[in-house]
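Single chain ahead, written as structure tokens, the form predicted alone.
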Amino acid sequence: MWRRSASFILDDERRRTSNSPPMADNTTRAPFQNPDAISAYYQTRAAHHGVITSDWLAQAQAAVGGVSGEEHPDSSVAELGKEKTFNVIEEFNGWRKQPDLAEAVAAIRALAAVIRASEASTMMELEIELKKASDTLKSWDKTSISLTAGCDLFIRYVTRTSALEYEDFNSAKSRLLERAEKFGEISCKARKIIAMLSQDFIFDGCTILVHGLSRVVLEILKTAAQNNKLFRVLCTEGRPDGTGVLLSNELSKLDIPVKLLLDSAVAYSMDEVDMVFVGADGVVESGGIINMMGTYQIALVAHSMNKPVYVAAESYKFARLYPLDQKDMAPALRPIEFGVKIPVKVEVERSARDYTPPQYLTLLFTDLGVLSPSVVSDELIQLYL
């Protein structure tokens, strides 16, 4: 079972009635004031992709009695001096406003700023500040796997050097900041590295099926077009937020032949497909992925018809999680509009993503190299050692 499920809104909490106060369990998870609140994960995607308006999102949030994703506890403010305060959430929000910057990279940049602004006088104090800032970021959005994994990897990478034990504090802090900046640069370059590694797998005349609006997959297709490769793309519509429609618009601007499919037409069109490319919200220890809802069924259809399924994901999305099936994964919730009134007695599935087991995936393109799903656990060990 998933012991570390803080990245999601717990499914059993969601099923409780709104009249019953949520129960706190300090051993496994933090208490949730409103289990039906729209996840911050979905709000971030909506803001970046322009999927829904802020007014519509506010109305949907009010309908479930939630709180705004921009409200943060006072504990997010870390005092670094008598006259100066530093808010890691404000720093993080400043970085994540950049549409091309991944949420995890924004967190990495914010944590680097914590080191830069710190007035700690010992390495122990500085590491405690970093840990508190990391915990604040992770608790800000419990539905984001990449945010949690990015924070954990940053702390592990920055503090993983024995040289810090033998240097004076100022030198050690400078070395820490240098490693933090380097980690941020590596993370920013990840998308370009993945795009280059994937080019040998895209051949002239091929047809590629994509699902959702993945910035890494878009970079792969853009690079292939720049390399004068001739191919066409089939985009699923990506209900309910229409991310596939947005991706098809971006591809048409690049003069890439693109065809928009209904989500339910994947099996119907699979015989035209040469390969499937998807992104990932998280890569788990088994080598499977957690991604936009519908990825699992696409992988099942592709596997049954012997079509390769390629995953493009940055290494900061590698998470120390091990779901066994869909029931191990509590969903990140999102608003869904059907265009008609739904009776109160009808339950609506609002999960934003699903889990695809490793046996249905062919290869993972990462900034660490091209990996088979079975190698992911080894890479995770190296990352977190």
Partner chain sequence: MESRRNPRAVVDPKVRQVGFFTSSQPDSTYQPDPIASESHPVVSSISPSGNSLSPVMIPPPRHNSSDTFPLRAAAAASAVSPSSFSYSTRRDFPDGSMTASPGRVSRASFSKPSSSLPGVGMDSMAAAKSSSVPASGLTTVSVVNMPPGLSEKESDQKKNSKPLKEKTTKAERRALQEAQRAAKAAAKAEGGKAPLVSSGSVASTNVKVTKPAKPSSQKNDVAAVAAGPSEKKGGQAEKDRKKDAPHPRMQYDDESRVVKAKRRAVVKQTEAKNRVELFRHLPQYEHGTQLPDLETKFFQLDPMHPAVYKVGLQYLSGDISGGNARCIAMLQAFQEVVKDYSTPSEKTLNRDMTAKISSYVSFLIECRPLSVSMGNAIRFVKNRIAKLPITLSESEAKAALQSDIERFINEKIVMADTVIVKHAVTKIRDGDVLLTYGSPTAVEMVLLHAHELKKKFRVLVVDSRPKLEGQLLLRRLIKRGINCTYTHINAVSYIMHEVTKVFLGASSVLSNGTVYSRVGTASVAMVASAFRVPVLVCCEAYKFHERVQLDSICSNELGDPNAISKVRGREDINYLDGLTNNANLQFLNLMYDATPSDYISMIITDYGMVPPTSVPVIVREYQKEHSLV
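Numbering follows the first chain given and starts at 1. Bear in mind the structure is a predicted one, so any value in this text is a computation, not a measurement.
One more form of this protein exists, namely the form predicted in complex with its partner chain; it is left out here, but the text below deals with it.
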(request) Using a 4.5 Å heavy atom cut-off, indicate which stretch of 280 to 288, 239 to 247, 258 to 266, 103 to 111 touches its partner chain in the model of the complex. (result) 280 to 288
(message) Contact with its partner chain in the model of the complex for Y157, defined as at least one heavy atom pair within 4.5 Å: yes or no?
(response) no
(request) Could you confirm whether D354 comes within 4.5 Å of its partner chain in the model of the complex, counting heavy atoms only? (result) no
(request) Flag F183 as yes or no: does it have a non-hydrogen atom within 4.5 angstroms of any non-hydrogen atom of its partner chain in the model of the complex? (result) no
(message) Residue-level contact is defined here as any heavy atom of the residue lying within 4.5 Å of its partner chain in the model of the complex; does D325 satisfy this criterion?
(response) yes
(request) Report the residue, out of W140, Y310, Y296, F201, that has at least one non-hydrogen atom within 4.5 angstroms of its partner chain in the model of the complex. (result) Y296
(request) Sequence order please: the residues of 348 to 377 with a heavy atom within 4.5 Å of its partner chain in the model of the complex. (result) Y360, S374, S377
